[in-house]
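Heads up, the chain below is alone and in the form predicted on its own; it's given as structure tokens.
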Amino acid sequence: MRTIHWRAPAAACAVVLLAGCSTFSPDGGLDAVSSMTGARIGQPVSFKRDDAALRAAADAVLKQPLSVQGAVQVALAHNSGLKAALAELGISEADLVQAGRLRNPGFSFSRSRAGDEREIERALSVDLIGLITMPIRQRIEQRRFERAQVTAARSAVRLAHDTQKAYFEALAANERARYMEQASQATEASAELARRMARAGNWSALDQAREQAFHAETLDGLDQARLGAVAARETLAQLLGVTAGEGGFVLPERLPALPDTLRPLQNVEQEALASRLDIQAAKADTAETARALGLTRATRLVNVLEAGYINTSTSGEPRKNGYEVSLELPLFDWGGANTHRAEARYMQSLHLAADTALRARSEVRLSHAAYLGAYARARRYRDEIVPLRRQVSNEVLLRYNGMLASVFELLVDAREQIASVQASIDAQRDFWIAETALQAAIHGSGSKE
């Protein structure tokens, strides 16, 4: 006897057609990412390896004193960590394309012999359940792909904010180091004068020791400031994706001036709820799990469903035609565990989305309060403390010249003057960092997942 099973030649043709319907997008999903980053940080992103124009523009920015927007532009073009995050888009898109294609048809072959009789079986099977659930799986993968786009945009926005923060810290560290160089030069001259005055017998050994100790402390402060400047520059260079050495990039000499007006709290919370990328990601995750729950409920009783066309021929007998359907019977597994698991995941994502929204509003209010406080402190140092310290120093110097103040009073005033200027630089830096943190709170890119 000779038996041959031929299953579903027409279905195989349909598989080929369906497989050809799902293809990769020309932009790899990056246009949507660029649109999201452009709305939040004013600059697009690109993942093209041969994007010579983008890299050339970033290299041109590096030849000029770097602005904060220029730093962000360079980081988006050169940072390898961001490139790795954007590469996840390709993985998600591959899953989406795969969801639009059926599994390859199965082919089986068997040969048996009983005496002089031989039997050969050939079978070609198609995953029908995969065909039936293909639209649902495509929608799920589409949502996952969209979530990957939001995640990629969030990585780019986070990089922009981290770069801005490192930029302001590097500027403040440089400004502090330059001021300490000026202070050390002044104390060196004072220490030399003290030595000469002591040799001439006009100063006591105590006054000379005080002056020299002050100079040594200033030099120590200079060393610390220089080390801080190097560390801040290296941190910024890592984010920019360029070298921190000579020719890597040029920083301005001073921090930007304080703005005249501040951003009011009104509508900031609403803006954050509409703009925060983590909230959008949480919403997408909830929608995705809801669809996955629907798929699980629809297929919980059907694990395997296969159908095929049968053509059997036996020696000496007429050809037999028909079809065959195989279905796994749900005798031991009714799919209840899978459904319960999917429901639990849906509720989990629902609560996480609500928690994200609640935290977002609180984070924005806290960031705005810090933003206002940093501005008030920076203005106080700029408009009151530093000018008053300068006035006090002038008065002490006049008293010292009139022999109404001692060297000790002069040294104490000099220390306070140095500390006041350093605190003013830090206050100005803290304001710009607080402003960056507020933007990060509005955009929802403050912490890594």
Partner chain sequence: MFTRRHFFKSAGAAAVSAAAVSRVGAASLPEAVVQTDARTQPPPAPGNGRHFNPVVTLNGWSLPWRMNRGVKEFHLVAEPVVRELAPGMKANLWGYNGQSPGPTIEVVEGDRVRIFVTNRLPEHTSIHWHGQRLPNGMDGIMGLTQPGIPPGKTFVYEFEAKRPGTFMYHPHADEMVQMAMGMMGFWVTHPKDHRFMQVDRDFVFLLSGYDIEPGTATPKVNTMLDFNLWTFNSRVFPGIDSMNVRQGDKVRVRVGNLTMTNHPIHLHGHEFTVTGTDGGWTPPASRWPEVTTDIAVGQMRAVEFIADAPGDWAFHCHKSHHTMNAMGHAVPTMIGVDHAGVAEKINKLVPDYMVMGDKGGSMDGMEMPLPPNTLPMMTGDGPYGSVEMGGMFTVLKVRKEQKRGDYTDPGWYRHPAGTVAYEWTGELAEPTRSSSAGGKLMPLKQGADLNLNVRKPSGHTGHN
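Predicted model only: the values in this text are computed from it and were never measured. Positions refer to the first chain, counted from 1. Note that the rigid core is defined as the largest set of C-alphas that superpose within 1.5 Å between two forms.
The same protein also has a form predicted in complex with its partner chain, omitted here; what follows describes it.
Next on the checklist: Contact with its partner chain in the model of the complex for residue 402, defined as at least one heavy atom pair within 4.5 Å: yes or no?
Outcome noted: Yes - in the model of the complex, heavy atoms of residue 402 and its partner chain come within 4.5 Å of each other.
Item to check | Close approach of residue 411 to its partner chain in the model of the complex, 4.5 Å, heavy atom | outcome: Residue 411 belongs to the contact set for its partner chain.
Item to check | Any non-hydrogen atom of residue 196 within 4.5 angstroms of its partner chain in the model of the complex | outcome: Because a heavy atom of residue 196 falls inside 4.5 Å of its partner chain in the model of the complex, the answer is yes.
Checklist entry - With the partner left out of view, is residue 203 within 4.5 angstroms of its partner chain in the model of the complex by any non-hydrogen atom? => result Within the cut-off, so yes.
Checklist entry - Among 398, 60, 52, 419, which has any heavy atom within 4.5 Å of its partner chain in the model of the complex? => result For this set of options, the contacting one is 398.
Item to check | Residue (of 64, 35, 406, 391) lying close to its partner chain in the model of the complex, criterion heavy atoms within 4.5 Å | outcome: For this set of options, the contacting one is 406.
Checklist entry - Can you say which of 363-371, 350-358, 232-240, 181-189 gets within 4.5 Å of its partner chain in the model of the complex, counting heavy atoms only? => result Only one stretch qualifies here: 181-189.
Item to check | Exceeds or equals 2 Å, Cα of residue 65 between the shown form and the other one, core fit | outcome: Where the cores coincide, residue 65 shows only a C-alpha shift between the shown form and the other one that is less than 2 Å.
Checklist entry - C-alpha of residue 410: shift of 2 angstroms or more between the shown form and the other one, rigid core aligned? => result True for residue 410: a C-alpha shift of 2 Å or more.
Next on the checklist: If the two forms are fitted on the core, does residue 392 show a Cα displacement reaching 2 angstroms between the shown form and the other one?
Outcome noted: Passes the 2 Å threshold, so yes.
Item to check | Sense of CA distance change between residue 193 and residue 401 in the model of the complex, threshold 3 Å | outcome: Relative to the shown form, the pair is farther apart.
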